[in-house]
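Read the single chain below, which is given as C-alpha cells and is the form predicted on its own.
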C-alpha cells in the first residue's frame, strides 16, 4: 500500500530509482504512481471489512486494541498483503526445495487447538490469534477487559486497558539519569561517542547536522533557526505545507466527496487546488483570486490556483498537501498516467532530513517563487 513516488519529499528521486528496478510487484488497494513502475500489481484486501488484523491506539490514559475482520465475501481473487501472500510465496518456495519460510509460518499455531495452519486463510487467522492471545485468553489475563476466549473477543471487537497509572514511569526513563533530562546527559553521551568515532568535536558534528548551537547549549532546550533552502532574492516566499483534514492517509483523493468538501481545509476551495497568498503580497505580484500560477522551489514546481487569503502571513505561501496525483484514478487525475488534478506539495519540498533523528523534514524547509501563467 506504499506510494513512495508520491508521498515522499522530492518524489522524482523515487521515480528515477523505481525505473531502475528490474522486477517490481506492488500490492495495493489503489493503483498509484508506485504501481506505474511495477511489473505486476496485486489487488489487496481492504482493512475495513476484508482482512484479519488489529490496530493499537493510546488515548486519555487508556490503550485500545481493535480487531479488523472479514465481514464480506470476496468478489474477486485477492489476498491479504501481510499474511496470505507471504504464505503462498512460502508454499512455492517449499516446492522448489526452500522450505524454511513455510516451516516458520507453521509455528504460528492456533492457540486454542494447537493446530498448525494448512493454508493461507488459516495462517491469517492463527497469526492474529497468536499476536493477540494475551488479550482474549483467560489463562494469560493481565488486565483490562476480560474475555472468555477468542469468540467473545471477536464478537466484541475491541479490548480496552485499565486506566494508565499516573506517573508510573517517572524515575524509570531510558535516559542516562533515569529521569526526564532538561540537560540531556543521554544526548551528550551519544554526540560525544559519535564525535570520537570520527575524530571530530561535538561542535563539528552539530555544524555538519546544520545545527547552530555550540557547547552545552546543544544539550538543553533551545531555539534553532530553521534551515530553509533557496536564495531569498530568487525565491522570496517561505513554503508552508499543511495536510488536508480529508486525506485519510492520502487514499481519499480519488473520491468525489474529497473535492465536494475541500473548503473544510482553511482557505481552500471546493473542486480546486489553491495556494494561499496574503493579499499584500498578491498586490505586489499583480495576482487576483483564480489566477493560474506556478510555484517553484530549488528542487521542483507545481501548477495550481491563486487564493488571496488574509489567514496567511505575508512572505509565506500556504499549500495543502493531498492533490497532484498523476496516476491514481479518474477523479484524482485529470488524465490517468499523464495529467494531475492540482499539484503535490511534495514536488516543492526538497529531500532534507533532521540529522539527529533521520526523519524527513517537511515544514518550512524551502523557499518559493510565484509566476503567473
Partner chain sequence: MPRYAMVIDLRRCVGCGSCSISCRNENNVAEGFYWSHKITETSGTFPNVRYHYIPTLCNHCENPPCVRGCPTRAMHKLDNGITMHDPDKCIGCRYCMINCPYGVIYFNWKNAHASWKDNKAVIPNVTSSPAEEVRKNGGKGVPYFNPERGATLPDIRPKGVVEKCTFCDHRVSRDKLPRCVEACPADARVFGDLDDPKSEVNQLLGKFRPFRLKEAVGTEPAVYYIRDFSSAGYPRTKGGV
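Fair warning: this is a prediction, and the values are worked out from it, not measured in the lab. Whichever C-alpha set is largest while still superposing within 1.5 Å between the two forms counts as the rigid core. Numbering follows the first chain given and starts at 1.
Form predicted in complex with its partner chain: not shown, discussed below.
Heavy atoms of residue 220 never reach within 4.5 Å of its partner chain in the predicted complex, leaving it off the interface. Using a 4.5 angstroms threshold between heavy atoms, residue 246 counts as touching its partner chain in the predicted complex. Remark: residue 71 does not count among the residues lining its partner chain in the predicted complex, judged by a heavy atom distance of 4.5 Å or less. Its partner chain is not drawn, but in the predicted complex it has no heavy atom within 4.5 Å of residue 338. In short, of 289 to 297, 182 to 190, 157 to 165, 71 to 79 it is 71 to 79 that has heavy atoms within 4.5 Å of its partner chain in the predicted complex. The three marked residues, 260, 311 and 314, each reach its partner chain in the predicted complex, with a heavy atom inside 4.5 Å. Comment: its partner chain is not present in this chain, but in the predicted complex one of 256, 201, 107, 175 has a heavy atom within 4.5 Å of it, namely 256. Scanning 131, 264, 208, 93 against its partner chain in the predicted complex with a 4.5 Å heavy atom cut-off leaves one residue, 264. Superposition on the rigid core between the shown form and the other one places the CA atom of residue 338 less than 2 Å from its counterpart. In the core-superposed comparison between the shown form and the other one, residue 313 has its Cα shifted by less than 2 Å.
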